[in-house]
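Just the one chain here, laid out as structure tokens, in the form predicted on its own.
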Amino acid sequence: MIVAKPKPLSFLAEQLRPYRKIAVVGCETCMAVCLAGGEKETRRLSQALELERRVKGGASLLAIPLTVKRQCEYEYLELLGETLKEVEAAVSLGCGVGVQYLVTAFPELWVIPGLDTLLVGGPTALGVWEEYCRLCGECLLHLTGGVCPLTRCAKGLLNGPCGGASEGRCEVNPEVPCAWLLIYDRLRRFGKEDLLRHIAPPKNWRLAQGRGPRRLVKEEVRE
């Protein structure tokens, strides 16, 4: 899942200062799970923006809360068409993908991101989400027991530990376990320590960045 955090209310209020009627568009998938942009957060932000305008004075603000199942699919955004025609601007509580889908689906509408998109990961405790994938485009998890060294090792080492761990904790960030210790434990548990002899080549970062937006095409389902 994608994880995000809310932008400050003061930032959004300032961005919305020229407008009197807006929509706040939430997303019921990733953003709902990370408590950043689900239905509850969408309604709460709408009320907060209206209240902030009232307190600060000036023209009143009507903020309409809307939530779609997924902002990253046009078929769900189409359901917002009639309502969004009536507003001057929208705040997206989707991830960076959702914001751009909203912009593409409604090119005449000014869209403001309401969140900062942080990482791809999942919840590890109540109120805690951690990164698990860098979206590098060259997965090595079959060699590392399902533990990603690129993401979970603070140094992103691909060919073994740095040697600086203490009591199983990372020397860069003692709050996290050494990723390579986790990898070793997993491989030993399954009798696959020989996989540690594999030498990973330098990461091909061209698969992940530097060449514009990446694309995946599945010809069998392409229209």
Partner chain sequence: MKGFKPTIVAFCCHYCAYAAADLAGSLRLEYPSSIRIVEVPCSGRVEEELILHAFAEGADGVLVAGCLEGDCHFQKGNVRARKRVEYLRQLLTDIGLEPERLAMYNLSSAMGKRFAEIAREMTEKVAGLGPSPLRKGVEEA
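Everything numeric in this text was worked out from a predicted model, so none of it was measured. Residue numbers count along the first chain shown, from 1.
The form predicted in complex with its partner chain is left out here; the points below concern that form.
Here is the short version: of Leu195, Leu51, Val172, Val176, the single residue with a heavy atom within 4.5 Å of its partner chain in the predicted bound form is Leu51. Note on contacts: among Arg43, Arg70, Arg186, Lys155, the single residue with a heavy atom within 4.5 Å of its partner chain in the predicted bound form is Arg43. In plain terms, the part of the chain that comes close to its partner chain in the predicted bound form, with a heavy atom within 4.5 Å, is 54-62 out of 22-30, 155-163, 176-184, 54-62. Within this chain, Leu9 lines the site of its partner chain in the predicted bound form, having a heavy atom no more than 4.5 Å away.
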